[in-house]
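Just the one chain here, laid out as structure tokens, in the form predicted alone.
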Amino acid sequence: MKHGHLVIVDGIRTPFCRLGTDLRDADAVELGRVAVSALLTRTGVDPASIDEVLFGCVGQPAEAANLARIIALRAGIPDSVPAITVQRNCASGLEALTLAADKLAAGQGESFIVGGVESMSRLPLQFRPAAADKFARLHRAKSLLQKLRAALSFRPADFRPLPALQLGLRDPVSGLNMGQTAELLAREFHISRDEQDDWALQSHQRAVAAQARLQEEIAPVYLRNGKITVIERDNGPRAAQSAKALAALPTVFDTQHGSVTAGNSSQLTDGAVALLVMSERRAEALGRPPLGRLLGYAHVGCDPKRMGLGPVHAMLRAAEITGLTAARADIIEINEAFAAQVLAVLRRAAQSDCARVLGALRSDNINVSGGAIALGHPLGATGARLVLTALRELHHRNGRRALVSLCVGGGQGSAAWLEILP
């Protein structure tokens, strides 16, 4: 039975807050629960009418196996409704949406809650394998003498932890961390430090200018840590950001010859996003005018060393699938993993072989509400945030179509076309 396109009925998110700041006391389950609960309240949808919950998360906590299931149950979704956690690195939140579209097309449901979450503040510190072996021997020791020998085998280095965040941001195939892949693109496409800083400054300026509209996306988070604290706003955008301040920052990934800094890179952030999506048929039957619909999408692979070019490859494939060129997009979102990476995407897209298929990309309609350099990049949530922000911006501008895209660690790219219903 044909159900038409998947439509996005509504969406909501938590504030996006820098790692270690306002949301550090909320774990990924709580952030996801807040977003899903707020979505159910805002829409008034019957939780029992949901066919499945799909949530993206990159650093899934060990204490919450199948994070989506825990979020769903904590948010009041009946236990008869299944849930699945998906992981496609930075595109995990978008993957949840496109997987729902696949399930709809396959007749495996008509109504879904999708989204993504990341608590980068709660990513764990790990012991090295040699230290773990020593702890195991200590645990197995029977006699006092065996326990003493096991305890005396420890060395100070055994207690120096490995940050999971640092491990996760390094690609084991190329051997490069994500910042080094940005440096590679900056060199290959001759992108200067000034260009990167200019893009970063623009991201903050646009996010600050769009703050009132962005606030409409946000549900507050209530934290109880001795007292009740209410977190209501993103804390990444800086109204006082300046070219001078950005220029003063040291390079991070290549301290001698590099150009990528903390200021022209995405912020490490905590946050969650939830979207209510369903078939056009069900939305119409429920009398729910949707924010928009998913027209088509593509997930593709590329060179892990040049993972930042993933959006170009994905947009090209999406253009072939949908027949839509960049000129048909009123809004374009390219996730700002790094300013160098976005600028490399623009330069690669302008080259003749890409431009023939994709058409010209204009910087004036790209990331018009700011991007991850200002708003932050909670890895599992960003893909869903781009969809929500793009659709709301289309309504604000009386636009018709949006193209959203992300580069993906490990050498992938994702892109999706969205449309306001006529």
Partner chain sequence: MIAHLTQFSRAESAAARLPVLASGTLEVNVRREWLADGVVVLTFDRPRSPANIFDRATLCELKLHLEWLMQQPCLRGVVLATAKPGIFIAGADLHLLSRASADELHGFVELGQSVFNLLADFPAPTVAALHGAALGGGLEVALACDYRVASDAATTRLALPETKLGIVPAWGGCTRLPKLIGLPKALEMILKGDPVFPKQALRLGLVDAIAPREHLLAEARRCIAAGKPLPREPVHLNHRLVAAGLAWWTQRRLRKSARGLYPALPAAVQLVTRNLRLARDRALAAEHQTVLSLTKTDASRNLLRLALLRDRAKKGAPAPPIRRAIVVGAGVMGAGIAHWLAAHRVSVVLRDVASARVAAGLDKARGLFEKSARRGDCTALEARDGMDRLSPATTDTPLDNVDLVIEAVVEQLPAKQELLRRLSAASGPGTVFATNTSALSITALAEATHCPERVVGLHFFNPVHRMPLVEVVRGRATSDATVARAAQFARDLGKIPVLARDHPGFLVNRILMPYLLEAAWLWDAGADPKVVDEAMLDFGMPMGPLRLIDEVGVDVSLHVLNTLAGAFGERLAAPPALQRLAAAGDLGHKSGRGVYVYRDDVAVPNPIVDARKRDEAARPMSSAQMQTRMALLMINEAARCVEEGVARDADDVDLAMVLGTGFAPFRGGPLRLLDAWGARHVVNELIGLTQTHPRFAPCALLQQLSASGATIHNERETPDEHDH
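All values reported here derive from a predicted model rather than from experimental measurement. Residue numbers count along the first chain shown, from 1.
Omitted here: the form predicted together with its partner chain. The next part is about that form.
*Asks:* Counting non-hydrogen atoms within 4.5 angstroms of its partner chain in the model of the complex, say which of V173, A106, A157, V230 makes the cut.
*Replies:* Selected option: V230.
*Asks:* Which of R187, K147, R328, R74 has a heavy atom within 4.5 Å of its partner chain in the model of the complex?
*Replies:* Among R187, K147, R328, R74, a heavy atom within 4.5 Å of its partner chain in the model of the complex occurs only for R74.
*Asks:* With the partner left out of view, is Q60 within 4.5 angstroms of its partner chain in the model of the complex by any non-hydrogen atom?
*Replies:* Residue-level check for Q60: no, no contact with its partner chain.
*Asks:* Contact between V45 and its partner chain in the model of the complex at 4.5 Å, heavy atoms?
*Replies:* Within the cut-off, so yes.
*Asks:* I'd like to know whether Y222 contacts its partner chain in the model of the complex, with contact meaning heavy atoms within 4.5 angstroms.
*Replies:* Yes.
*Asks:* Is P129 close to its partner chain in the model of the complex, meaning a heavy atom pair under 4.5 Å apart or at it?
*Replies:* Answer no; every heavy atom of P129 is more than 4.5 Å from its partner chain in the model of the complex.
*Asks:* For the interface check, one of 179 to 187, 334 to 342, 222 to 230, 195 to 203 should have non-hydrogen atoms within 4.5 Å of its partner chain in the model of the complex; which one?
*Replies:* Selected range: 222 to 230.
*Asks:* Using the arrangement in the model of the complex, list in sequence order the residues of 269 to 302 with any heavy atom within 4.5 angstroms of its partner chain.
*Replies:* Only R288 sits within 4.5 Å of the partner.
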